[in-house]
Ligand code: HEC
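Read the single chain below, which is given as structure tokens and is the form predicted on its own.
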């Protein structure tokens, strides 16, 4: 250890010298998550799927081949707090396959991943929802939602499968998807209109698309495949095919949200 002698220094000069020798202090890590909004959850999900999903699975349910644990249970062997989870994500776990996130990732990004993982084990009991799930199931049936959506293997395929939608979206997001379905439409649910060389038009949901081909499913659930070079034109419609819930009362929307939030992944 290098010895440093301070001879004949004033008290102020001595303190300054000690600071210079010790070097700058390392910023303390926050103990509570400052990034826990819905936007943070969504950003955390994107980073998780890109960087953590390779081991833990894109749905965070773990991977037997890599030994990565299921992160949707809310029970973690190495962390019992958000701060502990932050440390595991940032630094990794020594002598295990769990490595820390890239040093280039900001603390904000790490906290957003924590927020996303926390969102995976939301419990309906954690929310004081104004609606009633039993009545919401009746609203779902009366509004003929099953003509497009599937729950438990029953229903249509022209809309997202809702079997575990309560594990993916919180009540606010569910309400927004009902009242403003165009707010955020994933490319998988865009509509593609193909104008063929003979003048006819085929329109349907965008199932697959690459540089040369496009595959769509029409409203009768028929699949169509086209070479783009053979089409006169191709148009992508990026709005939702689902109508806003304008015919439902506020209480019916609340009931439907409660029902959809109760549809969760089995533990």
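Throughout, rigid core stands for the largest set of C-alpha atoms superposing within 1.5 Å between the two forms. Since the structure is predicted, the reported quantities are computational estimates derived from the model, not experimental observations. Residue numbers count along the first chain shown, from 1.
Separately, the form predicted in complex with ligand HEC exists; it is not shown, and the next lines address it.
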Inset, instruction - Give a yes/no on whether residue 158 approaches ligand HEC to within 4.5 Å in the predicted complex, heavy atoms considered. - result: yes
Legend entry - Interface membership of residue 96, ligand HEC in the predicted complex, 4.5 Å heavy atom rule: yes
Inset, instruction - May I ask you to check whether residue 172 falls inside a 4.5 Å heavy atom distance of ligand HEC in the predicted complex? - result: no
Inset, instruction - Could you confirm whether residue 33 comes within 4.5 Å of ligand HEC in the predicted complex, counting heavy atoms only? - result: no
Legend entry - Within 4.5 Å of ligand HEC in the predicted complex, all of 55, 88 and 145 (non-hydrogen atom): yes
Inset, instruction - Tell me, please, which stretch of 225-233, 207-215, 63-71, 34-42 lies within 4.5 angstroms of ligand HEC in the predicted complex when heavy atoms are compared? - result: 63-71
Inset, instruction - Give, in sequence order, every residue of 167-187 that has a heavy atom within 4.5 Å of ligand HEC in the predicted complex, or say none if there are no such residues. - result: 168, 169, 174, 177, 178, 181, 184, 185
Inset, instruction - Determine, after fitting the two forms on their core, whether residue 232 shows a C-alpha shift of 2 Å or more between the shown form and the other one. - result: no
Legend entry - CA of residue 168, rigid core aligned, shift of 2 Å or more between the shown form and the other one: no
Inset, instruction - Determine whether the C-alpha of residue 217 shifts by 2 Å or more between the shown form and the other one once the rigid core is superposed. - result: no
Legend entry - Pair residue 111/residue 260, Cα separation in the predicted complex versus the displayed form, closer or farther by 3 angstroms or more: farther
Inset, instruction - Once you account for a change of 3 Å or more, let me know if residue 73 and residue 164 sit closer or farther in the predicted complex, using their C-alpha atoms. - result: closer
